[in-house]
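A single chain, nothing else alongside it, follows as structure tokens in the form predicted alone.
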């Protein structure tokens, strides 16, 4: 159950949402999940931007990040669906495709780096649900919550299905079950499995359309005290349109594990 990961923060959390890092470190400490810093890590790079213009560069930059974890002898733990979408997909492709693995290794050799093996890449939600386990989390909950929660999965946590393998993207329940380990209740809503509208560079290129998609999603939520996200990009998008608080999964878990709002980077209790 207890394991040490190379901790990949990505871009958005250090630059916009350090409170999500604070909450995640608090939860990992409370659950005895070890974190090793990835010094020199870069952007993943973003799947909706770099991959669309230069897929070879996308593999090479992701491969460099994978090489940092390989040098530490760890798998990678990520907090962002987009980072997960890049690093998990690249790690899977490199295991399947000797040609692409050779290309990445050749590129790394020009900067004095190696990739002796391809680390696995795990989203924090994936690890908590499928490796750590719901019952183990419940045992450690000291401050059960009574909130009604609207769960947002996001896209890259679930798809492409061939590189996930741990759930059906048609009707997932694992994130709801994780939320409910805290004592909170996951409430159904019409647009639950829809995109937040931010990804694929839509927010960058067509922000008004992007926010319209998010508004439609938020407007379909009824009877919830907050929205819980697994991704800082979705988090940023939904914060911009939601009339109820938007919190990250480790903020919710941190409160249930006995943390104060300050411990998890929140302004006040739910």
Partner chain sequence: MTNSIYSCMKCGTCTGACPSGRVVAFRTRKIVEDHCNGEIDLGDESLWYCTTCYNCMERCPRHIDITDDILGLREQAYRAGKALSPHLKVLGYLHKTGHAVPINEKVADKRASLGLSRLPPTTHSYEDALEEVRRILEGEGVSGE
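Positions refer to the first chain, counted from 1. Quick caveat, the model's predicted, so the values are computed rather than measured.
This protein has a second form, the form predicted in complex with its partner chain, left out of what is shown; the following refers to that one.
This chain lacks the partner; the member of 72, 186, 194, 143 within 4.5 angstroms of its partner chain in the model of the complex by a non-hydrogen atom is 194. Using a 4.5 angstroms threshold between heavy atoms, residue 119 stays clear of its partner chain in the model of the complex. For the chain shown alone, residue 99 is not a contact residue for its partner chain in the model of the complex, no non-hydrogen atom being within 4.5 angstroms. Shown alone here, residue 9 lies within 4.5 Å of its partner chain in the model of the complex, counting heavy atoms only.
Although the partner is absent from this view, residue 230 stays clear of its partner chain in the model of the complex, with no non-hydrogen atom inside 4.5 angstroms. Partner proximity in the model of the complex, defined as non-hydrogen atoms within 4.5 angstroms of its partner chain, places exactly one of 221-229, 27-35, 208-216, 241-249 at the interface: 208-216. Annotation for 8-30: interface residues with its partner chain in the model of the complex are 9, 10, 11, 12, 14, 15, 16, 18, 19, 21, 22, 25 [heavy atom within 4.5 Å].
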